[in-house]
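To begin, one chain is listed below as structure tokens, in the form predicted on its own.
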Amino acid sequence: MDILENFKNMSVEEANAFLEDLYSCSHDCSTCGADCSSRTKKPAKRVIAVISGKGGTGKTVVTVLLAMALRKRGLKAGILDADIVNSGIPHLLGMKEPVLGEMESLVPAKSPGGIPVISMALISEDPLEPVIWSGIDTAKAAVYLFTESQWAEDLDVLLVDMPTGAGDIALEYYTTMPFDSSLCVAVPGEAAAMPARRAVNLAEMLLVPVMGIVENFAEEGFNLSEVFSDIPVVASLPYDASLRRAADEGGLESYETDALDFLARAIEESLDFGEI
């Protein structure tokens, strides 16, 4: 059966059972002879997790803006919308066409500007219908989208828009996806910065290096570097009403900023000179 039909026609219980059966393995390939997707190569030269400690930081917007900055430098960048419950990437990019399924795998949809995207919102028949799965099952679904998608063979960077927080879902992602590094999006204020610190600590605990902090909605009088003294703030984006309007209207690719150019250049250089 076509993989899209699997998702569209299953009840919640059937989908949970399908995912549990698919991923009920020990992850020890040395003792297993199965020819599964875990043995395939990474879908890109760099796989980067975009994380945050809490909702409302603009993490998804930053993910899209970074993909745009990378493409501006001539790199081939794609996005996996791994926040299954709150898939938002397609709306920001004004994407309407669904992801296609071929030979039991998924072909990423393209944004108007050419960014390949895999998102549950492009698979579900009704993007407003809630995904009523347990946390661990949504994580398994995201891993499925990661491994079973036909990303371009020459993809330079795959940005994974992660769900917020530092709980069991993030743990499942980190232990099953081959991340090279992560990037944390945080906003000013102690109450917001401390959850971001926890998200950073989890990534580092699981050996996913944090390349830096992107400060979103930056304001005078608060310095995130005081909370993240050991991690550089690599980009700072002030609040911009025109950015919000572009995102709301699905025209984020029309927004121009150079705030992430330094970060995009650092990622580009890492492709030639080793890890980030």
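Sequential numbering from 1, following the sequence displayed. Note that the coordinates shown come from a computational prediction; the quantities given were computed from them, not determined experimentally.
Keep in mind the form predicted in complex with a small molecule is missing from the figure; the text below concerns it.
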*asked:* Although the partner isn't part of this model, could you tell me whether Glu219 comes within 4.5 Å of the small molecule in the model of the complex, counting any heavy atom of the residue?
replied: no
*asked:* Can you tell me if Thr164 lies within 4.5 angstroms of the small molecule in the model of the complex, counting non-hydrogen atoms only?
replied: yes
*Would Gly250 count as touching the small molecule in the model of the complex under a 4.5 Å heavy atom rule?*
no
*Decide whether Gly212 counts as a contact residue for the small molecule in the model of the complex under a heavy atom distance cut-off of 4.5 Å.*
no
*Specify the contacting stretch among 222 to 230, 204 to 212, 242 to 250, 66 to 74, defined as having any heavy atom within 4.5 Å of the small molecule in the model of the complex.*
242 to 250
_Residues Gly56, Thr60 and Leu237 all lining the small molecule in the model of the complex, heavy atom within 4.5 Å_ = yes
